[in-house]
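Take a look at this single chain, the form predicted on its own, given in structure tokens.
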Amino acid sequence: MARPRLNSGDSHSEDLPKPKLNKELLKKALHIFSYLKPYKGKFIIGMVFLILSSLTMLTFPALLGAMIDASQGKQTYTWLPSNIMYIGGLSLAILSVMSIISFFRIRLFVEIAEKSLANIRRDSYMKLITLPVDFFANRRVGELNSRLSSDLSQIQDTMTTTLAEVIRQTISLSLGVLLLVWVSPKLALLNLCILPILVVTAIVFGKYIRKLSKQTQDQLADSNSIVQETLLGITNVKAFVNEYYESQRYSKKLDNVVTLAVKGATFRGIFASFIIFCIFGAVITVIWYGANLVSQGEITVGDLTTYILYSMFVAGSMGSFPELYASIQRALGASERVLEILHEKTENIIISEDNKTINKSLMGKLTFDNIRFAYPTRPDIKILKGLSFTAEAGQKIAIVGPSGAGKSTIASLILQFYHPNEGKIYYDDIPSDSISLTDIRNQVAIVPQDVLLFGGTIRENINYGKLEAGPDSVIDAAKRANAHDFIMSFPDGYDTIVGERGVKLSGGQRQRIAIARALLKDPSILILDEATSALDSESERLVQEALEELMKNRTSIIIAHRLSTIKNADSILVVDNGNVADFGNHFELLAKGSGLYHHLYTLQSSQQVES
């Protein structure tokens, strides 16, 4: 039985495919490195320190070789005295200088990287929260969170470590090879003959081992998805007595993981054995051939020692490049994913301390004029098909209709989460595009069916409606929303932590806190999106009383499922299939004796009598 794989939002960027390096990708990545510009002075100093530390490190093999020759009474370099104490003292002095330089190099690069990353995180987060709602409709929260965590951490590693290591190892490799040739051209030629064999073998084996590793990770991800979906649907597993089936399904995946892992280990073992044989064979060959050259007087023991040490430098540099290259690939891929966010088009909204200042006050009149709309993700499905209505300032307009008729879409359009494909929305007879988005949203509030509370205190959640409001205003809003009594029943009162998404509170309690939040905001236009549909009778009574207080003296758009709650609305807009099917107050619509509203009301009334 095939099941869809559940994707985890917190996947690491290491598991994502590494993009191939090309001109376009490098050009994109350079935009990320533009965040280094404010710190270019420190970056240049850090690069100077990096080059100096790399160069000073390359002096040690020569000094150690000279020290060994000096112990035998020979002088390796004419510019260096044949004195063990002098050479040893000079080595320690250079080591001290290199240590100081390395400290400042690391300190500067980490500071630059951390400050640059903080700016990237700040810009990415600011970009995210200013993107339109339809952007989030196409993406998972876990994926976006991963871009701010895993992807940026990958970029951070590159800025702090990888970039410096690439430069240092490049210097060590290029100068190391030149120094090998300078110390002994014959030994260098011997090494260069072995090198192509190692490189070709490493490429062939490395590619195959990476392929097996990826297959193993894929199988492991499949097994993890089985665990995740089984635990999420554990009641179904138990209800159908499928524990054995699920355990066998999981066991088969694990067997595949083990088979691939063992196969990969076999090839890695062969590869490692070959590399060990080649490396130590090369060392033995170099020492053997070098010893012959020493015995023939072509080089000194010090030269041989210097050559071996430089060989180790070169080998270490070469060995580090595959991992550094992989890190750069991951960083470029991460940069590309972060840049996708940074290049998205944002809403035209003010982001500053002044964004709560209202420049154009609204009385509350709302007009939909021949609105046609389809969601960007489903352009072929028209939700609204020429819908028109007017709500005068202070009126209560109820919107009813079957599921999928477009009721919640109307709420989203009032809040300007989306914009109509055709037609105009007017606030106080002014077209919506002539009023700033900030002014509109500052004067429109919504109390949804599923209230989202932040994980802080009750006070902070109510205060969210008006951040500058004082404690007395918060308490007053809570009292008007019928929330004060239950809040004070908690030991910590208004400082009670509500938990993530408000899980520590009941549905009715969350709803009343949302109403208090809206009361504190004091909007001109209020949207109630099925605010009581999921509540029990007692909670509904308390919430309904709070809603009556909230709707006083303001335009109210009431999207209702329970028609009994909208009898007192000034007008009822009956929406069906994206059009206005009927319009009038409760008694006018019932008096017709037919129509969609009459049918829905009769149906609900009969269901209540039966229950």
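Predicted model, so just to flag it, every value in this text is computed and none were measured. When you see a residue number, it is the position in the sequence shown, counting from 1.
What comes next is about the form predicted in complex with a small molecule, which does not appear here.
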item	value
Proximity to the small molecule in the predicted bound form, single hit among G302, G465, P523, G406 (heavy atom within 4.5 Å)	G406
Proximity to the small molecule in the predicted bound form, single hit among H561, K42, H586, R554 (heavy atom within 4.5 Å)	H561
Partner-facing stretch of 271-279, 377-385, 213-221, 424-432, counted where any non-hydrogen atom is within 4.5 angstroms of the small molecule in the predicted bound form	377-385
Non-hydrogen atom contact P402 with the small molecule in the predicted bound form at 4.5 angstroms	yes
Partner contact for T367 in the predicted bound form: the small molecule, 4.5 angstroms, heavy atom	no
Close approach of Q449 to the small molecule in the predicted bound form, 4.5 Å, heavy atom	yes
Contact of F104 with the small molecule in the predicted bound form (heavy atom, 4.5 Å)	no
